[in-house]
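The same protein chain appears twice below, in two forms, each given on its own as structure tokens and labelled structure 1 and structure 2.
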Structure 1
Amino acid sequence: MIIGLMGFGTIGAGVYELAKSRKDLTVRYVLDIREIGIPEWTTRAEDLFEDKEVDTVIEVMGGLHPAYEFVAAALKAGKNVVTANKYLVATYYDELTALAKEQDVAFRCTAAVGGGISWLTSLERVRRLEPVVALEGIMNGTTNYILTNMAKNGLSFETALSEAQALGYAEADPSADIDGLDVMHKLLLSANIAFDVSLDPKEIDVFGIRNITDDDVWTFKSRHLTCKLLARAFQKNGKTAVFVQPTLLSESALTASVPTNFNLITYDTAFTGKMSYYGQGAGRYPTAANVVQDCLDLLSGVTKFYADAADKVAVDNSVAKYQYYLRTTADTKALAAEKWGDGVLTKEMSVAEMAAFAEKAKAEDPRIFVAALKNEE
């Protein structure tokens, strides 16, 4: 395989190193605007598209532009594309999957969800035989690192975030991590593949952890609860619910014990039931290894994307119901069931209702924090 690699940051440098160790992978170009001091370096994206011998383009630049233009150009030039860029694939899902199909080339993004976990390839495999009814889990290493360190080691939010950045877990702009958007993109990709749909990212309700305080964590601890940022999607009675929210789990729950940058992602299917995947969800080598595994899959004959169909389906989060820990200076009288630390525990309400409340309350109180209370597990 002759590879054109786009991006030589945390992941790109890892991909370069791992690919170099193999005889069946040749990195011919590495595109980066910075001088990177390697012989394959180029600043001209055209070098990769115009070279007929390059059969696969790997995009690990991140961001939407020029990643979209470059990936579209690579597909149009008849190259297979492997990317770890969830923001890109989630945003241009219809365009890029259709283009790959039209050009009859492979389009793979396994490292985009779960870092080093072979989650998307496992979903692809299970959905051949069984309908997937639900997906759930921890899909972001940075926020899990922050939440683990706040609860277990008493670190402040800011210190834990700085450490996650130093370890190469966080996005270039860590807002995407702490506001839940990174998880939303990963959930959208997973749900699209699992359910054969094409979801609109704007319809997915997302609550992040930016505003969680030491006192919130203390309130949860005193009730033997652990807060994790969870993604969830399910289909029930013809409705599709898809949302991301901090979730309070019993300390003894499996998901509550997931440490540092690890992810734990579960699907629930008609015959097998629940199956979980656990591993490092962020970091140079786990993610780079998953990118290189995609290349090896191409060498073993993979020729397309993970799913074929992509029906437009509206998200309906009125069918998912929780009690919520809600801390805000906005008026909560109509929702509150009991007082919990600096906040309240609400009566049961739907994710859609809480999203509508939080959207309004945010105007008055930008520091609002919500976390769903999960009873089962």
Structure 2
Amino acid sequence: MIIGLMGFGTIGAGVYELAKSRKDLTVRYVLDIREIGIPEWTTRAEDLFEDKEVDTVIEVMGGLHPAYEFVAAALKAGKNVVTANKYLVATYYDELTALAKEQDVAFRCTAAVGGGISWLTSLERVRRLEPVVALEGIMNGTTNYILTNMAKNGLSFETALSEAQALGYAEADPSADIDGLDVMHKLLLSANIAFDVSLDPKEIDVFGIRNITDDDVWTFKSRHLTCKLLARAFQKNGKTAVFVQPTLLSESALTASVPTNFNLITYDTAFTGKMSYYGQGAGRYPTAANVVQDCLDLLSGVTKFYADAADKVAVDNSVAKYQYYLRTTADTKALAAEKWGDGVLTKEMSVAEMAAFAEKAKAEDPRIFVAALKNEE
């Protein structure tokens, strides 16, 4: 395999190192606007697309532009594409998967969800035989690191976030992580592949952890609960629910014990039941390893995306119901069931109902915080 690599940051450098250690992978070009001091370096994207011997382009630049233009150009040039860019694939899912199918090339993005966990390939494998009825999990190491340190070490949100940034888990602008958007993109890809659908990201309800306080965490601990940012998708009675929300779990629950920057993602299927995948959700070598594994899958004969079908399906979160811990200065009398610390525990309500309430309440109280109380199964 002859590779054109786009991006030489943390992940790109890891991909380069792992690929160079193998005789069956040859990195011919490394595209980067900076001078990076390696013989394969180029600043011309055209080099990767015009060289007929390059059969696979790897995109680890991140962001939407020019990553989208470059990936589309690579597919149109008949190149296989491997990417770790969940934002790109989630945003242009229909277009890029259709383009790969039209050009009869492979399009893979295993590292986009779960970092070093082979999650998407596991979904691809299980759904060959049996329907996936639900999936759920921790899909973001940054927020898990923050919530773990708040719960175990008594840190404030701001201190835990600063530590995550110092360790390289969080960006200088952590908005995508703490507002749940990173998880939403990963959940969309997972649900699309699991259910053979194409979802609109604007329809997915998302609650982040930006406004959680150490007082909130103390309230949860006093009730033997742990807060985790969970993604969940399921199909029920012909409806598809897809959402991201802080979730309160029993301290004894398996997911509650997931530490630091690790991820734990679970699917539930018709025959096998629940199966969980645990590992590092980010980092140079875990993520780079999954990128290179995608390349090895291509060498072994993989020729397409993870799923063929992509029926447009509307998200309906009215079928997902929880009680919620709700802390806000907005009026909660119509929702409250009992007082919990600085907030209240609501009556049971749907994710869609809480999303509608929270959207209105934000205008009065931008510091509102919402966390679902996990239904025991």
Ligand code: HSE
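Only the largest set of C-alpha atoms that superpose within 1.5 Å between the two forms is called the rigid core. Everything numeric here is computed off the predicted structure, so don't read it as measured data. By convention here, residues take numbers in order along the sequence of structure 1, the first being 1.
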Structure, 1 versus 2, that is the form predicted alone
2
Residue 104: Cα shift of 2 Å or greater between the two structures (core-aligned)
no
Superpose on the rigid core, then tell me if the C-alpha of residue 122 is displaced by 2 angstroms or more between the two structures.
no
Would you tell me if residue 250 moves between the two structures by 2 Å or more at its C-alpha, with the rigid core held superposed?
no
After superposing on the rigid core, how many Å does the CA of residue 160 move between the two structures?
2.3
